[in-house]
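Here's a solo chain for you in structure tokens, the form predicted on its own.
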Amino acid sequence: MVGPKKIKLPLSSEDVAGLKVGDLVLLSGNIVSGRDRMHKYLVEKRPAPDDIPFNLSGAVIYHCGPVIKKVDDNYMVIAAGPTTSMRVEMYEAAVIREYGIKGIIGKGGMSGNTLRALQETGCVYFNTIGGAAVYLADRIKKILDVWKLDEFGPTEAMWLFEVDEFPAIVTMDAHGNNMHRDIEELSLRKFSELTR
């Protein structure tokens, strides 16, 4: 059995092109978090790149509302499980195109608009483990920065995390493949066979 691919972030176009549905990966480097409010803000307010304290070009955005604890003057991640990605489907294609995102981490997959943006821009969707928020928080080695904390609060702010061997599986790739769609279609076929 082939082991997971170890990938250093940020993602390059070559990294994305070489990934396909079903690939197990361990991601190391920097990722940013972003949930509903952040996606809405990025699309509707369209902040200039200079207004964002970290470079989103080539970044991996994690659909996550982390549980953060303040310890003295520092912050610590207590839990960091994935949010259901469909919550931001209406914004994701625009975020990918506007900000040069190369990877998305979440759970449950996304729909046709996002899949088209993945193909057009060279981006990939990683599904990570639901129900493992404490384990995934342990893969976050350091909080490097945060944006919009006072305005949005810790769950909806954009955090810059340093991760080490963060586990995920490619379920939507830049070649138009979508494991979520394939499983849904297979399940419907099997269900139809069983209910005939």
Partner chain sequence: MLKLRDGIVELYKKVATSIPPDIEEALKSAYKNEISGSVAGSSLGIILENINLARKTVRPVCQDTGIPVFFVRVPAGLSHVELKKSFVEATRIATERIPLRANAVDIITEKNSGDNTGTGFPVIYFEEVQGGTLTIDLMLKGGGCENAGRIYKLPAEELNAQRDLDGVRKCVIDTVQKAQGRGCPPYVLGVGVGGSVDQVAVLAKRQLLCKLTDTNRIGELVKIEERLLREINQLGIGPLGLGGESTAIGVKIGVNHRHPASYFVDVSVSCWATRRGRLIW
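Every value quoted in this text rests on a predicted model; they were computed, and no experiment measured them. Residue numbers count along the first chain shown, from 1.
The same protein has a further form, the form predicted together with its partner chain, not shown here; the description that follows concerns it.
- When contacts are defined as a non-hydrogen atom within 4.5 Å, none of G3, K8 and A94 contacts its partner chain in the predicted bound form.
- The single contact residue among I143, V134, V43, I52, judged by any heavy atom lying within 4.5 Å of its partner chain in the predicted bound form, is V134.
- Looking at S33, you'd find every heavy atom of it more than 4.5 angstroms from its partner chain in the predicted bound form.
- Although the partner is absent here, L149 sits far enough away that none of its heavy atoms falls within 4.5 Å of its partner chain in the predicted bound form.
- The closest non-hydrogen atom of R116 lies beyond 4.5 Å of its partner chain in the predicted bound form.
- Shown alone here, T84 lies within 4.5 Å of its partner chain in the predicted bound form, counting heavy atoms only.
- For the stretch 110 to 127, the set of residues having any non-hydrogen atom within 4.5 angstroms of its partner chain in the predicted bound form comprises only N127.
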